[in-house]
Ligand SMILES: Cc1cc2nc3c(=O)[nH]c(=O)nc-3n(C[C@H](O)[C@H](O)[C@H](O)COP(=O)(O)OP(=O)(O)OC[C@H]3O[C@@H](n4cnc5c(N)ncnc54)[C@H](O)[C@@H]3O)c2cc1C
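Below sits a lone chain in structure tokens, taken as the form predicted on its own.
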Amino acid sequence: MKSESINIGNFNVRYYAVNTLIIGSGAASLNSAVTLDSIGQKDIMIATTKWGAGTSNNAGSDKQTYYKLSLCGSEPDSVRAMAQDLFNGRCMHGDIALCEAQGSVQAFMKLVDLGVPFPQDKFGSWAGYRTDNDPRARATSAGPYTSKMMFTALSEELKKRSIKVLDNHHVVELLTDKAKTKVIGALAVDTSIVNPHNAFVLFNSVNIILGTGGPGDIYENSVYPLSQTGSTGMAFRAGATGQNLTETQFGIASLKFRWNLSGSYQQVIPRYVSTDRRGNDEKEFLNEHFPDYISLTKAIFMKGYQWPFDSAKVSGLGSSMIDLLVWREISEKGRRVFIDYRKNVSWDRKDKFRPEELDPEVRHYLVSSDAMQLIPIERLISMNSPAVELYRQHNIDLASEPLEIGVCAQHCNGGLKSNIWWESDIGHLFPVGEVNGSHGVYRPGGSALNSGQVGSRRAAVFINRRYNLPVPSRSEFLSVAADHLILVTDQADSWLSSGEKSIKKDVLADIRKRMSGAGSIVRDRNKVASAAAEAFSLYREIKEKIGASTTIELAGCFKITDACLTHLIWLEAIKSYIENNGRSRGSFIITNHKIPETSEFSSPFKDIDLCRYDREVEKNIQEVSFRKGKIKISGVKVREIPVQDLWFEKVWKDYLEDNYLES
């Protein structure tokens, strides 16, 4: 890689030439770097806004799940069976599902070899458990911080290999050829540089691996780490196509410290209470919607297995009825909601734990887990003490205070479109990790970690075998990129000339409020249409509303414009799905009005019109592109799981001749 300085307009720009630029420092990005280096591609570099600031190093749950092929016991499993289960989640391409299933063992064992402490018994069996949307016990976990341990292990390997990392580099623009058929480089702002006119960094690169995570910056109610902002808007500006953007996952999470309250946090059956804004008028609001103690406690318990909100698990006193009741307390009644581990669920005005009245499945689980103690916090300590310690490390004592919660955005199953080698429809751009939209409507819990590791390895293999090309000369690169660079730097000049505007924080707060209000678990068709129109108006004006006087503020201007475009495209995707008669599915329900009050023991949400996948808008994968300032939305048929010809001699011949690398 080469480094030098060049001048572009009023800016002194640091310039690098490198075969592969990796953007982001999450587990998927690091795995792609380690894989490239291990198979011989040394001309690589990582640019990251802040080392370890993304979701991988800062998110988890009671026992964060990694989903893989079963590797123990007598229960049968196969690559095809796992691919089928991924594919059954709807709106996921079958060839992608097959790749994720086939690559799961290799990706998992690599993490084991790097030191991630996944548990095994004395015979070496990798014991598993069932997670949400998982028909087999494929899930495993290294504890609450599984992805953090993955990040740490991959970071250590990265250091051993002396792979260059540029920290504090906020990549703000992807550069393409003039026809927008492939990426040719990127532009970043180095926020460690005091003088903003010296802060731009230009990359001339053959390939870009984009591992910047999901759109964590566009939701008000979010369990994404505060440091996870995403940069999907940048990819849309470059011409990349998105898919399944309607399919964000939501779930109950704590607010003071952003953390998923899944698994044992629910299985110990804590009580749910709401208060007014000042913390008075405490009420166990769930009780009036359940006919008896057994159904109420079972619904709370099942939130552990079925943590993401699911529109299909509302009726019949289902577990997702709890999410909607929590949402209504906060969004419609203006109250605050808490989970309290200090007391049991009250029934008949008594908060006594009643094991004899529990559902048999619930009682069996608690007995088997040695978790029959008298109060929820004691059961949680017995079942999963690290889950309690995790909060204590963030100055929250679950034994002495209630935990304020909300229904929060957690993960986007959609993202950027790619082929089976994780290459975008913009050539040489490889979105890996959550920014890649490989998942469909449903996915097994933990499959995102597997997808990130499998996809990033496949991207690295393809780059090394197909795109291991010399970097174009500086003059050749600039002859193509110059016009684009001048547009971006002129905009930066304009922002710096106008100075910082206090409206920046208000704009970002407006984006987040709009997205959580219209694009959360309850999506009112009129509200979505209004929100999309407001987002479009803001996007037209956004560049005039903001300004900068420092390097950090300049990077912030790019960040806000990216979030603005991202939330506009997300809302337009949701609007299109609704207008084309798409029905409630996955992690959202569609309404025409507010949810009515009721004290019936049957679900107050019994009239949900569920998706049956018998309409084109529901069966097809929704694709979204942004070209020449216009958003185009269309549907494409789901590709079935390929029928493979696995005759060994044929596979061997194709492998030796590199024919297997075709997409």
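Don't overthink the numbering: it's just position in the shown sequence, from 1. Since this is a predicted model, take the numbers as computed values, not measurements.
The form predicted in complex with this ligand exists for this protein as well; it is not shown, and the discussion that follows is about that form.
> Is there a heavy atom of Ser25 no more than 4.5 Å from a heavy atom of this ligand in the predicted bound form?
Replying inline: Within the cut-off, so yes.
>> Would you classify Leu36 as touching this ligand in the predicted bound form, given a 4.5 Å non-hydrogen atom cut-off?
In response: Output for Leu36 is no: heavy atoms all beyond 4.5 Å of this ligand.
> Heavy atoms within 4.5 Å of this ligand in the predicted bound form: does Phe430 have any?
Replying inline: Answer no; every heavy atom of Phe430 is more than 4.5 Å from this ligand in the predicted bound form.
>> Would you classify Thr48 as touching this ligand in the predicted bound form, given a 4.5 Å non-hydrogen atom cut-off?
In response: Yes, Thr48 is a contact residue.
> Given that this ligand is left out here, which of Phe309, Tyr224, Phe203, Tyr341 has a heavy atom within 4.5 Å of it in the predicted bound form?
Replying inline: For this set of options, the contacting one is Tyr224.
> Just one of Thr191, Thr297, Ser516, Asn260 has a heavy atom within 4.5 angstroms of this ligand in the predicted bound form, so which one?
Replying inline: None of the other options qualify; the answer is Asn260.
>> Quick check for you: of 205 to 213, 528 to 536, 505 to 513, 476 to 484, which stretch puts a non-hydrogen atom within 4.5 Å of this ligand in the predicted bound form?
In response: Of the stretches listed, the one contacting the partner is 205 to 213.
>> Within 4.5 Å of this ligand in the predicted bound form, counting any non-hydrogen atom, which residues from 49 to 71 show up?
In response: Residues within 4.5 Å: Thr49, Lys50, Ala53, Gly54, Thr55, Ser56, Ala59, Gly60, Ser61, Gln64, Thr65.
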